[in-house]
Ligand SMILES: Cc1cc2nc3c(=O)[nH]c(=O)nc-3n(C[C@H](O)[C@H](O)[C@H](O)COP(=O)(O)O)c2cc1C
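Here we start with a single chain on its own, the form predicted alone, put down as structure tokens.
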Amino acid sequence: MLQQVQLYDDQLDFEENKAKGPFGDYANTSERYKNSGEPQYDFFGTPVYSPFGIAAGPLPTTQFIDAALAKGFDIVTLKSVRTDIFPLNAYPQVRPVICDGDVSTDPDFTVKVADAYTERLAVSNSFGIPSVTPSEWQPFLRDSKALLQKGQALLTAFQGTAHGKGKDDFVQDHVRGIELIRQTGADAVIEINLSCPNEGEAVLACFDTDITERIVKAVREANPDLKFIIKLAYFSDHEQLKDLVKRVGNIVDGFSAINTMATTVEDENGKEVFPGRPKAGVSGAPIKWAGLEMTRLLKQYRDELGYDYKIVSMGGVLTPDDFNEYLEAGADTVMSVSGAMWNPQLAAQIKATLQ
């Protein structure tokens, strides 16, 4: 059984976590991991000491970014920001689940909430991708960038918002969001999240190839010098994924995959764990198979199409062996959320295998 509280305390609301966290071993930033020598790896033009980091989600403020850097995570991602304030889903937002096997793409697949986190870590979350106003998150970005030392990189995640004004407005929301990020100077590389529900849209943006292509082309036209990647969900339709890659793989600088997998989450009595939200994103060990499959496919399509985009992979990275399995599958960079949250030493353990 794992320690309950590390980076994030699931017994507190997200806003309380932002104000009081980080927790556990992450709260101690006085003893910092010390890199030695010269950075040997590349993250979209920035030399880094390891091709490993923390993906979008658990690092909402500069304090959390600093905590991750202190533990040796060289690539840190500021949680997804938006062009305007967006509400947080009601508490609870994170709960452990029981999933002995793998998460299935069957729409009727269900997992049960657990009493505690286990070694085969399985986590459900339902935050709703909240955001504060740009005037609040822009200082987080500036201050986070100022923390970076040699061999460290900052990735900023952006989430588009559908305002119910049509697809043109949705596309332009991405252009506006990228400009707001670039105003901070923290624009070495930006991740556009197309893998989470967008209000008013029938499907995930990444499953709408036309809107994905429009967003990518609009962002590139407005920012010809920008390095940016798009984040994808798991594609069960491989031909659809290949078509998407064919259409935008020579425009973006990379793809990141995967996000959590949406699954029904119930308590022992079959009731909703997250009130009003029967489905939640499940992460951890049960989704590693999907992350690896997407990595292999993205590498295969890159080779077949003659593209040179980078692959940023995640999903169930809990150990150094998981990290190495992703590298062997074709990942250029590997990231973790659940594994990093419950194991502050994960970056150091992975670096020990690289030496």
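Owing to the predicted nature of the structure, the values given are computational and were not obtained by experimental measurement. A residue's number is simply how far along the shown sequence it sits, counting from 1.
The same protein also has a form predicted together with the ligand, omitted here; what follows describes it.
When contacts are judged by a 4.5 Å heavy atom cut-off, Phe127 counts as touching the ligand in the model of the complex. Remark: Ile287 counts among the residues lining the ligand in the model of the complex, judged by a heavy atom distance of 4.5 Å or less. The closest non-hydrogen atom of Ser338 lies within 4.5 Å of the ligand in the model of the complex.
Using a 4.5 angstroms limit between non-hydrogen atoms, Lys231 touches the ligand in the model of the complex.
In terms of contact with the ligand in the model of the complex, the residue from Asn193, Asn89, Thr212, Gln152 that brings a heavy atom within 4.5 Å is Asn193. The partner is absent here, but in the model of the complex a heavy atom of Ala56, alone among Met294, Ala56, Val312, Ala67, sits within 4.5 Å of the ligand. Relative to the ligand in the model of the complex, residues Thr46, Gly72 and Ala331 are all farther than 4.5 Å at every heavy atom.
Stretch 312 to 320 is the contacting one of 38 to 46, 312 to 320, 295 to 303, 23 to 31, since its residues have non-hydrogen atoms within 4.5 Å of the ligand in the model of the complex. Residues are counted as partner-facing when one of their heavy atoms sits within 4.5 Å of the ligand in the model of the complex; in 67 to 96 these are Lys79, Ser80, Val94, in sequence order.
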